[in-house]
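For this one, two forms of the same chain are given in structure tokens, first as structure 1 and then as structure 2.
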Structure 1
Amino acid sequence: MAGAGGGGCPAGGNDLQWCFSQVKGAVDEDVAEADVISTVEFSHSGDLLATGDKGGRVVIFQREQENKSRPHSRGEYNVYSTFQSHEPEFDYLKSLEIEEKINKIRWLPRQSAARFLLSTNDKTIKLWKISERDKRAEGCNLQDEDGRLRDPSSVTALRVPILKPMDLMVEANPRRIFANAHTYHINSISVNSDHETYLSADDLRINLWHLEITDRSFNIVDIKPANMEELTEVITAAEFHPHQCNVLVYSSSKGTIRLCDMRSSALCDRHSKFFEEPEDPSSRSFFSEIISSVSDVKFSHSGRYMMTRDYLSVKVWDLNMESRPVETHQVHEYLRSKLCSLYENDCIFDKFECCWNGCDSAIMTGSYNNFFRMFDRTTWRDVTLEASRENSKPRASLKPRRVCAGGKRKKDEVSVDSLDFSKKILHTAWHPAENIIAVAATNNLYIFQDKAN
């Protein structure tokens, strides 16, 4: 099988041939910790792609227009803007250093010439305005051409300033800073479909914010027990429904998902729906609770389904059926026998994200060894692909990879014992309307597309 699914939504069963498009980032063997990509997000139109890294920087790539003289450059993403979103801080009350690492980026729907996005580190959320300037004012009365202020008494005649063309300049300005509302580390932000509010979630609480108001937020979920010794689970991810502004879900470290309706009460401690798959007693082990923890939850674009990622699998749930998922896709089941060593090197706590394609017919998530997985929900086919510079010629097709769990290894297979667990793909994004995917591999951003694109 050549590929799975399609953002452009080809007929079910159509195999896609994924090919290399671009790779961003340095080739250095010694990767600086600050350069490691920590989040990837396409804008609603897909013409912009934002990444955040552990150094607190946000890099925005813009899709180029078609160029007939360079047919291979069709749809290429090039750097549009780079800015420092967060700086390292220190909480003097708790004697804690607050990392600058960008945990999440979320785009706001475009409503003017400028673009807006939310970015967050562990404690502070910022609303950024990304705007273009290609004209400058000349002939001002109270300042000279260098921008220095003039003495008003030296002005002998009034001039009418004129706008003159200049090289395009992209500016990023922080319009709002939402701070001091989270005691614990923020793991999720999600913009509401009303385009006026958004939520932010940490380990124990979820807050509701208005985009125009920075000095207060409403606490809508609080699972902190009166006695912290009684704490049994934490919130791992949260998201608003794509169409119903009153509905949100949040997942927990126990593998459960709660759906809340804000119409029922102001404090959503009592959920409307509770999604949990019964555990098979025969497969219970020391690691069961760790690997069942949900690391990501995403509503489908239609709003009918939601997808959750735990350590070994991706599950698709129908919002109308709480008892069990309608689909379970094994991501790397061959690692079940390696859980002990993965626990010792802390890899078992890695938080993999997942994403839908444009019409919810396929899903994608990451694995180790720079492998990532795609599952076609129509044909039930799946494929493992690799983000690697070795296959980085323009339009070079990606060869499906296979992992040998034991026994005799075939020619094209990779032994499970030779997997590199330091190379992991935690963050992926799928273009909202086309078969273009972005895959973050350490400090490199790979962009792949289907052959027909």
Structure 2
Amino acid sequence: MAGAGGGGCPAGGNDLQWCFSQVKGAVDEDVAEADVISTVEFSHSGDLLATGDKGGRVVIFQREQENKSRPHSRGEYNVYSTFQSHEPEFDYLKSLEIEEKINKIRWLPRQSAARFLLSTNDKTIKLWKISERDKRAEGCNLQDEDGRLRDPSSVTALRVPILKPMDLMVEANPRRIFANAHTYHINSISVNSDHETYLSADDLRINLWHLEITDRSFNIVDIKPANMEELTEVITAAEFHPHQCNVLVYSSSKGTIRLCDMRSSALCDRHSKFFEEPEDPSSRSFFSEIISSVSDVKFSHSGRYMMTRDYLSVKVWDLNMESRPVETHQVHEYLRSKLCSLYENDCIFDKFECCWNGCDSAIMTGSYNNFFRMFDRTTWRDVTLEASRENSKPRASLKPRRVCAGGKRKKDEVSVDSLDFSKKILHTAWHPAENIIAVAATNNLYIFQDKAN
């Protein structure tokens, strides 16, 4: 098994046996809109897993510590904290409904006992502090045990309060609210490697914030044309480089990626690098631009590569080569002959995300029918797996799935025409160090682990 001998790096996607670990969420046939999961993110150490949903709620799971008396629950993720992050708003002035849906969650690197994350909806970013309280003070001078304040003049003797243990309480408090900086809908947030700043990107602009300052942000990218009639592309995703605090990338609806260097100028309208794969003009169709739109961009952990997801494929780019990607992985090429109906039912506009494993040897992205795909970059093998309650016995191995594009359907294959396009896996996350993955299937969160774990 690749990587088994060395320390640190777990093997890539395919020498592994992926097994069901847990599933969270209701089994209802009727899914309430609010329960649809809209983002999934592991913390930097992987011990916390956050989800956001369309109802504006955040649920954070924590990995259980190894416990000899309960060996089976080692590594299980259980609810740690849950809170309402954003609420629906109506902007009467602009006649705009502002959805409470959480578009993205990003964790801040840990600097103290408390945990911090940024969560954003279409318009407002919030910094949340999640802290634990497991002690309470007894014998206060100015307060009764039930919290009522005592009249200071009634205090005749002083005593030192004693700290007594209490049941663990996890509190979430909004520490900063970054509002009113985006005219269009926020699609991305990214924390800088300097741990002091972060970016937020909407369809036409990218802003730079300082985590401590809420009344000011700097606009660093603005692609709004003077005449809106001339609008040809929008920003679809943006991210800071994992190590170089001056470098960011943003992707567009035309399938291009621009790398910007904040050292070169205050306004990064002129890119430093421009990544675009040349297109064969004879193969151009009505759908070409739509399916080339990049729905997600992610730097590798090493910072040497970046990955983009468009409708039908995942591409890995070497930052040193702008002319074309170094790898292209087909996610569901069989959909190319279904583009007409996918345009009619709007599925062609679905925004799939993608992610790297901890050592950048494998990548993962979602598809339809609750299928998700993993690509091993070293062995060049790929696998299709399914998130389904039918295969949810503890530690049950996941069987590879196959889609039959046409012709005779083999046993165990699923035909393209019987794929359920309402079961889309848009959001997936990979633990930063281990082979544990979190897959959001509409209103359910699946956690899968490598058997060796």
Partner chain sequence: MSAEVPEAASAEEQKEMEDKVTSPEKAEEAKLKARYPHLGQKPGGSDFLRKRLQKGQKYFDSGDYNMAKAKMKNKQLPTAAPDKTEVTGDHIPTPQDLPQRKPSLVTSKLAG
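Note that the structure is predicted; figures quoted are calculated from it, not measured. The first residue in the sequence of structure 1 is number 1, and each one after it adds one. Think of the rigid core as the biggest set of C-alphas that the two forms share within 1.5 Å after superposition.
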For this pair of chain forms, which number matches the form predicted on its own? 1
Aligning on the core only, does the CA of residue 157 end up 2 angstroms or more away between structure 1 and structure 2? yes
